[in-house]
Each structure stands twice: as C-alpha cells, then as structure tokens.
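Okay, here we've got a single chain as structure tokens, the form predicted on its own, with questions on binding and movement later.
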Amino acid sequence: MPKRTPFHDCIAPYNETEIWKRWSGYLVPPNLQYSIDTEYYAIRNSVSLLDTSPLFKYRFCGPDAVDILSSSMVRPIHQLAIGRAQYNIWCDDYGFVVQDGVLLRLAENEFFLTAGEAALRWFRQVARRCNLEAESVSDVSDQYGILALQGPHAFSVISQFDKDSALASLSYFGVAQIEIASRQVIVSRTGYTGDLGYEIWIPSIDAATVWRAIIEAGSGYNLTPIGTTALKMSRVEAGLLLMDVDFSSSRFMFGPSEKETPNELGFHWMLKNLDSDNREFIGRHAIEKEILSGSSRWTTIGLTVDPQSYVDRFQSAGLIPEKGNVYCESTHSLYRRSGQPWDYAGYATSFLYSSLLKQPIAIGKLPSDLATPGTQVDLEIEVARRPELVTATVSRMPFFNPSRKTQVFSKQEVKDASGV
C-alpha cells in the first residue's frame, strides 16, 4: 500500500486533477491544477509550496558523526560550519557516484541529510568499515515532513514568522531554527528550483498546523501549492541533475557504461581542492586516477536549441510547434555536425521547452572534444512520429540564474516583512 506524507490531507483539497503518483512509496501529485504553466509561473513570478517529504532523511549524531561523513562524502565536511548546508555526493570504491544530497549542520556533532534513495545501510556499512559507531546514523524519514517554499516572494512569506530576525543573516545555503505557529522548525536557504527559496523541516506531528500557517501567510502573495512536474521544469532551467534521469546510482547499475564519475557529471568543482584535502574518503583513489590520466569518458553539459530550427521542423510537417508543457525525461540522441549524417556523439537526458527563456533547452552528455561552450551539435526530436534534427549549442548551466536566489536581506527587511 502506498504511504501518505504528513501533508497529504492538506494537499488533497487542492488536487483538482485527482491524479496521484508514487515517489519513494508515497503518494504525491504530479500537478495539482490542469495548467502546469500556472504552477510553474508561481515559482518564477510569485511563490510556490511543494511537499518534498518523500525524500529519505538521515540524522548523523554523536562523536563519530563527522568522521562517518568525512569518510563518505566527496566534499570536505570539516569546512561546513554550524548553521550551514552543503550540496554533496558520495561514491563507491571505483569512483562512481552513488547518490547526491543536501547536508545540514545543526551542531558540532549533529547533521541532517536528504537523499533520493534509501541509504541507511550504506552509511552504516561505511561506519563499520572505518571502525566507527554505526548507530550514529539513524533514519528520521517518518519523523519529519519537508516543504519547499520557492519563488520571488518566498522571503516575504517566511519572514512573517521570524520575530527574532534569525533569517536576516541566513545567506544562500544557510540554516536556522525558527518557530512557525509556535512549532519549532528547521529552515535552510536551499531549493531545487534555482530561485529564491527555503526548505522547511517540520516534525510530522506539526505538519498540518505549519501548512495552514504558511498558506495564510502567503495569501497576499498568490502562494500556490504545486506538484512535482513544475518543480522538474524549473530544475532543468537551474541546471540541476535528477537521479534516475540525468544519472543513476551506481548501486543499481550492472556495468561501468551505466555509471558515472563526479567529473563526468560536471562536479569537477567539488574536486578543485583535492590536493590540499588529506582525507581518505571512499572512491578517492579512483577519482584521482581518473583526473591524472584524463580518462573521463564524457561531460555533462547544457544545450540551448535554436528556436527557429525547432519551429521549422514542425512547420515543415504541417504542425504547430510544441511549446506548452513540453518536459521530457527520455533519451534524445546527439550527433556531430561533421558532414556525415547521423554521426552519433552522445545523448540528452532532460529536455524542456522553457516558456521563460522562449526556447528549448536540455541537459546532455558529450565527449570532451564537443563539450566546449559554443560548440554546435544536432539534437534528435520526434515530429509526427519521425526523427528530426534541430541545431543545439553547448551552453553553460544554469540556464536561468536570478540574482534574487542569493540575495542578502537586511534585518530591517525582516522586520518589515514580519510586521515587527
């Protein structure tokens, strides 16, 4: 039987489509309204509220917490200050990515981590392998619900609960503890939309109370509950990878061709200080060998599709170009523009017609000789059930990166928003 998140009964009245899908065994709506664009533009123009509770949640606590994480994570943990969050990945012994997640440090020896797949056994195995206390890691997935408050007015909404101005110093990837409706919650300045936003950890028992308080606080800002489809559309614009779409966990893949390294996923920025980091983390030696030998097989890149090329392919078939609600999580082959037709080079994993950018964009994989920004390739799309090629240009990600995402707010702005 599918499970229900702590916010299920709160969300159900908004679900006009009455469609639910499963996410890690939980029921979630792909979209609440019939118009996905309405939910998408809530993220970009006003403020949206999304239930991300199906994410697995882990607590690392005790004197061995730092050592377990340091032995697991690619990015160094000792540099993560109390009250900060960090996007990180962990790999297997062969240097292939197992998962990614966001890590929150609440105290010297207390961390919370989100993950897309179950990982408790993996982290406890790491602990035992390093002669550390495995019970330092616990699964708290059922104890907390998470709400993502995302969009230009997210600060105006959440600041109404910030009587002590704790959010004034909350910079991008900062973490604070505040009260909402007299309930203690954890707030991080993070999100999966590439926009201004916050993620709120709420004890499950307080979920409905906090939901109602946030809905009321957002009533003057056109706050819109949304489903997962609008979130996925915005994450492509933000250049954020999705597991089981843009990459797969090495735990569940059979051969090396189905697995990817941090470099191949574009996470080379996580490794830039590796020479000055003397930690022994899982996969380190394989990663260093790959860097030294230059043996990465491909690079994950962004692609912008020429809008006119896209329109022409549809019009030549007597069709109106597909623009609205075009989001695909399927393979689109990429070909070299070498004069040889259909000269295969790589593939795209996520494809979106961005109504904000007025053009199709994609996330793909290409060999290093084609991965330089500005390089043109041909991307295969389907028009009237026939394969057609459109011109695509390798581009840097994110495609959309508003300055408000990392905006610093003053104490006066917090007081103004909270009515103090």
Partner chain sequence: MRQAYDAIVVGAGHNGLVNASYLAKAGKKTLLLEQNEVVGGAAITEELLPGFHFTTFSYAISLLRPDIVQDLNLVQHGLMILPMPRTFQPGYDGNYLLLGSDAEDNYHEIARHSLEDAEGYRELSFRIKQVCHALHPIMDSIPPNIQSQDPSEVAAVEALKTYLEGLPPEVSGMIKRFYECSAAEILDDYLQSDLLKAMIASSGIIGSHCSPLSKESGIVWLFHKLGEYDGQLGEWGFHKNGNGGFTQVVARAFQSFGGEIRTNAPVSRVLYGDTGTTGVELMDGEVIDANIVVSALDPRQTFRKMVEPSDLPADLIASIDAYQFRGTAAKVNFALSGLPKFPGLDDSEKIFDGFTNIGPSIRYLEEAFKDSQSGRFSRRPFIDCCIQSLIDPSMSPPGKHVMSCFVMYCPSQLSNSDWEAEKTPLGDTVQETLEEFFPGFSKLVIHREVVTPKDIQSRTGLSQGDIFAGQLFSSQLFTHRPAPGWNQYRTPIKGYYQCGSGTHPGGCVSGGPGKLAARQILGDCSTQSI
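Owing to the predicted nature of the structure, the values given are computational and were not obtained by experimental measurement. Positions refer to the first chain, counted from 1.
What follows is about the form predicted together with the partner chain, which we do not show.
Participant: So, G25, F56 and R124: all three within 4.5 Å of the partner chain in the model of the complex by heavy atoms, or not?
Facilitator: Yes.
Participant: Hey, in the model of the complex, is E117 touching the partner chain, heavy atoms inside 4.5 Å?
Facilitator: Looking in the model of the complex, residue contacts with the partner chain include E117, since a heavy atom lies within 4.5 Å.
Participant: Please run the contact check for R128 against the partner chain in the model of the complex: heavy atoms, 4.5 angstroms, yes or no?
Facilitator: Contact check for R128: yes, within 4.5 Å of the partner chain in the model of the complex.
Participant: Is there a heavy atom of R279 no more than 4.5 Å from a heavy atom of the partner chain in the model of the complex?
Facilitator: Although the partner chain is absent here, R279 would stay clear of it in the model of the complex, with no heavy atoms inside 4.5 Å.
Participant: Please tell me whether any heavy atom belonging to K259 falls inside 4.5 Å of a heavy atom of the partner chain, as the geometry stands in the model of the complex.
Facilitator: Contact with the partner chain, yes.
Participant: Can you check 231-239, 330-338, 187-195, 249-257 and let me know which stretch has heavy atoms within 4.5 Å of the partner chain in the model of the complex?
Facilitator: Within 4.5 Å of the partner lies stretch 249-257.
Participant: Within 4.5 Å, heavy atoms only, which of Y94, Y221, Y172, W342 is in contact with the partner chain in the model of the complex?
Facilitator: The residue in contact is Y94.
Participant: Which residue, E179, E110, D139, E133, has a heavy atom that falls within 4.5 Å of the partner chain in the model of the complex?
Facilitator: Checking each option against the partner chain in the model of the complex, the one that comes within 4.5 Å is D139.
Participant: Counting only non-hydrogen atoms and a 4.5 Å cut-off, give the residues of 1-19 close to the partner chain in the model of the complex.
Facilitator: In sequence order, M1, P2, K3 come within 4.5 Å of the partner.
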